[in-house]
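Form predicted on its own, single chain, as structure tokens, below.
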Amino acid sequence: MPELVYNPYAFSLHEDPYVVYRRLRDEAPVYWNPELEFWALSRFDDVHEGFRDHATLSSANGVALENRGRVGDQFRQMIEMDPPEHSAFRQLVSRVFTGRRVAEMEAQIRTIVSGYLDAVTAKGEADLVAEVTGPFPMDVISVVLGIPEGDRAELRRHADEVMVRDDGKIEMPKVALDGMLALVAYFAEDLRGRRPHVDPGLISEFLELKVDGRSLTKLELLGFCTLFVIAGHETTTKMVANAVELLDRHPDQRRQLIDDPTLIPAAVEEVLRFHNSTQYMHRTLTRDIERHGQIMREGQSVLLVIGAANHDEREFGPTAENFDIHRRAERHLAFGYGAHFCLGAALARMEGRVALEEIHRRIPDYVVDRDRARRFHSGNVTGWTSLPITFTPQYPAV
């Protein structure tokens, strides 16, 4: 058997990470990568506990491996803070993602998704990512933030660039650095012209927020803006395209969704568990700990490998490696756990549900062209850059 190597930047891993993940769980539940200098936890209980124990596994040194030690150089993002500071910022913005406010967005989200489908249904073919699953989440988060329609395509391009990585390399390539600089420059200019109580959206509300009795700093404002536009777009874009690709590979289950759309929420949960767009989160140890006979030292990096944990048969039983929309898993870690549980989880779930409802209502016989499909290569995000599909053309009634 070849040597067990887990490098989250290796393009070969991205084709099917779950073979390596199984070996991690079985052979090295506490795995050390000497080249990139990180530990990896892969079993469900260990990853779950890692998210829960934020005092020991800190987010303050970056949540992506390549960003460790660079946090605060340009701006501060909420996900790179620990409680109690994180809790104070989280409370400020959590009201935007309440169940009521998310529910009120459903009709608008459906209109947005339908608009992009309207543009492709008569053609009988589409690049699902470029024409549907890429632009619609950017429109949704732009409505939340108050970003003008004419700016959204450019911001989506820069958000995609930020996530790009080179094969096997931890260093951020020039395209990713340039993409981040472009996002920061855009929001720096946008914030200068924002008018509280006049301009719509969450960005305008940011200008009025106070934490510990003070207004947010420029760096904190930039952190909020870039975090929301990247997280609000990238993960949902990948999740919906991953769902379509998985359902194309499981036609019997797709037929069940078409016949009974009430199964779609459960299908979204299974997509999140089976092939989540976020594969790991980085943490930094604040003290020495022991796991499975290995001593991990204060200051070292630890990857909480969500993709591996969500396939752990110790949690999900002997069918953990199977895609099953009828699974009733009581819990998974696609949105993290504990203090850093994803604020946008309810919105992402709704976007996924609405998109799958409309896709399977409008173009139910889609076929993925695997010869032309292209994977998105990043460190901790997985999905598709291009997912060409064909289907029976649908023409508007006259």
Ligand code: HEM
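Keep in mind that this is a model prediction, so the values were computed, not measured. Residues carry their position along the shown sequence, with the first being 1.
The protein also exists as the form predicted together with protoporphyrin IX containing FE; that form is not presented, and the subsequent description refers to it.
Although the partner is absent here, residue 334 sits close enough that one of its heavy atoms falls within 4.5 Å of protoporphyrin IX containing FE in the predicted bound form. Using a 4.5 Å cutoff between non-hydrogen atoms, residue 239 counts as a contact of protoporphyrin IX containing FE in the predicted bound form. For residue 281, a non-hydrogen atom is located within 4.5 Å of protoporphyrin IX containing FE in the predicted bound form, even though that partner is not displayed. Of the heavy atoms in residue 348, some are within 4.5 Å of protoporphyrin IX containing FE in the predicted bound form. With the partner omitted here, the residue from 353, 360, 43, 340 that has a non-hydrogen atom within 4.5 angstroms of protoporphyrin IX containing FE in the predicted bound form is 340. Contact with protoporphyrin IX containing FE in the predicted bound form, defined as any heavy atom within 4.5 Å, is confined among 309-317, 165-173, 229-237, 126-134 to 229-237. In the predicted bound form, protoporphyrin IX containing FE lies within 4.5 angstroms of a heavy atom of only one residue of 131-150, namely 141. Between residue 194 and residue 97, the Cα spacing is smaller in the predicted bound form than in the shown form, differing by no less than 3 Å.
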